[in-house]
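This document opens with one chain alone, in structure tokens, the form predicted alone.
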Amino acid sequence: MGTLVNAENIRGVYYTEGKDVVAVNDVSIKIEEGEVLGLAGESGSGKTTLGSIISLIARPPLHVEEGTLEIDGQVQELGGHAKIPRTWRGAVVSMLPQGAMNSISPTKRIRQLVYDVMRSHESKISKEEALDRARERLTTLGLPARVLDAYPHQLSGGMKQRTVTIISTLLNPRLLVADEPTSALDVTSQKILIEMLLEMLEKRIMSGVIFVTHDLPVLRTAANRIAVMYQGKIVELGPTEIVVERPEHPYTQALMSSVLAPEPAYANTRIEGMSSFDRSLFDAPAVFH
């Protein structure tokens, strides 16, 4: 269907008093229309930092030193003191943040959050118009409109996560960056959220998703392709089935060996901790399928 996102030569560095840390080192990725790209790796691999940069929310001490982001033919420079148009955030690319369930003010009803989000991008929108749009979106995705009248503590964890996901996409962004969206959910709620994201793609509410997680079994059900990150670089990239079933890079093999999968086929598989592997092997050349 064509390329939706082309991110090139992205370099992100955390400036600290003691030592600057390169978190994303010259990374380039493409995302096709209608695709879910999984971004995997252990904690500290750079996947969340890359997601923050692509979703245009990088803040100090993280600095984007260079990079170019092209979405739907629109090009935005990311490095140095590049200015990001406000219209890009929320409408072109939107972020579903890590810990989304805790990102809602406990003192406000969901309806107020919806209005605040909509008004920040469309200053002339009326409250009723914003809520009508939210009601329609909730109904379309199988959630009751009464969610708008609730306080966050009145919703279950899974319901809060789905609600925040819907709010993050009210402006129909071309790309949604979802950072660990299932990490705090039980297995049933994970399944429901993934199905909702795929339905949103099918309904063209957004046109592509970057799904950031350390949970490889989740990516197995959600992603079309997986990019595995290690020390700020992509070390393996390819179709989900190949990366999960036949990984070639030593780091990806180690990562898969450390996963406890619930499928019967893995019942007798020995699980190895990442600390048991010789990390010098992980410096092997990247593998692109």
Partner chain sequence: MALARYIGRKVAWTLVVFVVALLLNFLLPRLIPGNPVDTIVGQLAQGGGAGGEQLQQIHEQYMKEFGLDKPMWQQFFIYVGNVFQGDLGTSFAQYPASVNTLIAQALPWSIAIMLPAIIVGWIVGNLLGAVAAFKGGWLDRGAFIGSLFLSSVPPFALAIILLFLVAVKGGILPVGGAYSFGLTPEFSLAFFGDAITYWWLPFWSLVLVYIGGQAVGMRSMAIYELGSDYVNYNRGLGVKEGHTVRYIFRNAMLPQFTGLALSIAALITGGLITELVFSYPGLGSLLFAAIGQNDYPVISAITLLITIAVLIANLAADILTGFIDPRIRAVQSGER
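Residue numbers count along the first chain shown, from 1. Computed from a prediction, not measured in an experiment: that's the story for all the values here.
The form predicted together with its partner chain is left out here; the points below concern that form.
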property: Triple contact flag A58, S103 and L113 to its partner chain in the model of the complex, non-hydrogen atom at 4.5 angstroms; result: yes
property: R89: touches its partner chain in the model of the complex, heavy atom cutoff 4.5 angstroms; result: yes
property: In the model of the complex, R146 touching its partner chain (heavy atom, 4.5 Å); result: no
property: Residue contact check: H121 to its partner chain in the model of the complex, 4.5 Å heavy atom; result: yes
property: 4.5 Å heavy atom contact, K203 to its partner chain in the model of the complex; result: no
property: Interface stretch in the model of the complex with its partner chain - options 191-199, 136-144, 103-111, 68-76, non-hydrogen atom within 4.5 Å; result: 103-111
property: The single option of L185, V209, V93, L216 touching its partner chain in the model of the complex, heavy atom within 4.5 Å; result: V93
